[in-house]
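Single chain ahead, written as structure tokens, the form predicted alone.
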């Protein structure tokens, strides 16, 4: 049985296929400079797609009402067109995971070529196809850049080490499952070393390590349902507090968790000096240090942001951008000593996905090939955002984050909310953190295909909105 692209009309409908095709033709027939000049406009002459109500979807994503929708119809790079034909600049890389934006030509071609070569989208974890095994090797290579023999396929020395990150679990599809796997390893390590008393996890206040029951407990949820386990939240970058907490609990500490940039807390950057202190203190009491790179990993030329902090964690959690958002794939990188989970203790049905691993390998190659250009553009963006904030000190308190992961902290919550609304109305798709006390920050996480011309236009539009409100 053969299918052609026209068969999409069956599952989707002829009307929406026509509108989607026209939106894609519009995006592909205009270069970025042309699209930049039309952000916020409604594309003339495009067929209107009959929208599908989100009434049956969950309320947290706009469901529950029969209102007309205007969601994403087609995208390319940093741009997308909505169902009603409006052109947006996506300043959040999909939802922080589309690391090369929409429909990247190289990655799209890799998928087609991979399928043609016999690479399967997924298969049983017991028989991982070649891309999965190669990706595991590449992650160990990236975690040990000072061992050149790894690039020649010689892993003997790294596997003999008791201190290096030399083991990879790729059987998890989502970051939430990967975080749960790391938490289980910490618990088993705590139990195996016969440490007294209920285990304690130290986390940063405002953390986000997934949506699993255990992970959500780390940020204060489900407290009345879990027993014999304690969580102590500390303020990021407060070294004195961290020293007091670790001195107080000592052997009961199972592990310390941190994200290099806390996108769930206004994009606060956890300072390298703080993480260096955490590394020293945690090692002193025999606990484990986990760095959650689900947000930050694969958004920098050296792949992992922990490297910029001059530390080596016990466990690194990766996800989101690893497979450029094209298929969920996550994992953990850790020391062989911590390889204590049985085969089905931490697994997703769609973990070890070979096609996703192939995309991850291509993603790594693109990052390494264009690393200096990516880092330069991200530094330029961060500098321009800082210059903009300095122009409006009465409204903007600070710029949070680092390079492409940023937060523009407003002095007033209502001002941040109003500014966010104006941005979206004008065709800038970004996020706002204002749902916790004291949060008043506009969040952005530009994809790696960001160029300086886009930065300049983005800053120009933000400045205009700050000056005039329109």
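Owing to the predicted nature of the structure, the values given are computational and were not obtained by experimental measurement. Residue numbers count along the first chain shown, from 1.
The same protein has a further form, the form predicted together with a small molecule, not shown here; the description that follows concerns it.
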| item | value |
| --- | --- |
| Contact stretch among 126 to 134, 100 to 108, 172 to 180, 302 to 310 - heavy atom within 4.5 Å of the small molecule in the predicted complex | 172 to 180 |
| 87, 294, 78, 270 - the one with a heavy atom within 4.5 Å of the small molecule in the predicted complex | 294 |
| The single option of 351, 325, 255, 210 touching the small molecule in the predicted complex, heavy atom within 4.5 Å | 210 |
| The small molecule contact in the predicted complex: residue 320, any heavy atom under 4.5 Å | yes |
| 4.5 Å heavy atom contact, residue 266 to the small molecule in the predicted complex | no |
| Contact flag, residue 259 vs the small molecule in the predicted complex, heavy atom cut 4.5 Å | yes |
